[in-house]
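The chain below stands alone, shown as structure tokens; this is the form predicted alone.
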């Protein structure tokens, strides 16, 4: 019983440590979408494939870049990686902000579908609806 308790405490400590990953604050990865860091644990690595769904592996954002295109519109390029062995389907929404940090109302700020193949990189590209956009806010949610 003591061994089982120690193993459970160890796993909980690793999961809690993995919840404090640093990422771009403009992008919100919800719990059902983002990746936990339990896969990086050397003790669990040999059985990670069997427990991929159990430990909550998912996508992680590795890079978010913005630039102005030739027409003057802000473009968002998001690169990520699916750490799971299974294809992850999710939805995302980008909201554009003006120079004062206020939301720019747009019909393009809707939930869009996306998917990432297992153990593979993925990328998303979104263009602002107006040249007045200077920043963005991105949200994700589980595909239901």
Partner chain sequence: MKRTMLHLIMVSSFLAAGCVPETENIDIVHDEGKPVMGLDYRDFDRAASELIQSMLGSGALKKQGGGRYVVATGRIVNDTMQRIDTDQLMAKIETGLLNSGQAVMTSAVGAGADKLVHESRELRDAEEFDPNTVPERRTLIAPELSISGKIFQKNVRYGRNRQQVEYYFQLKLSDVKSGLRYWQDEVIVGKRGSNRSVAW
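Remember, it's a predicted structure, so these values are computed and weren't measured experimentally. Numbering follows the first chain given and starts at 1.
What comes next is about the form predicted in complex with the partner chain, which is not displayed.
The stretch from 78 to 86, 115 to 123, 57 to 65, 100 to 108 that comes within 4.5 Å of the partner chain in the predicted complex, counting heavy atoms only, is 100 to 108. Shown alone here, residue 133 lies farther than 4.5 Å from the partner chain in the predicted complex, counting heavy atoms only. In the predicted complex, residue 93 approaches the partner chain with a heavy atom inside 4.5 Å. Of all the residues from 115 to 129, those having a non-hydrogen atom no more than 4.5 Å from the partner chain in the predicted complex are 125, 126, 127, 128, 129.
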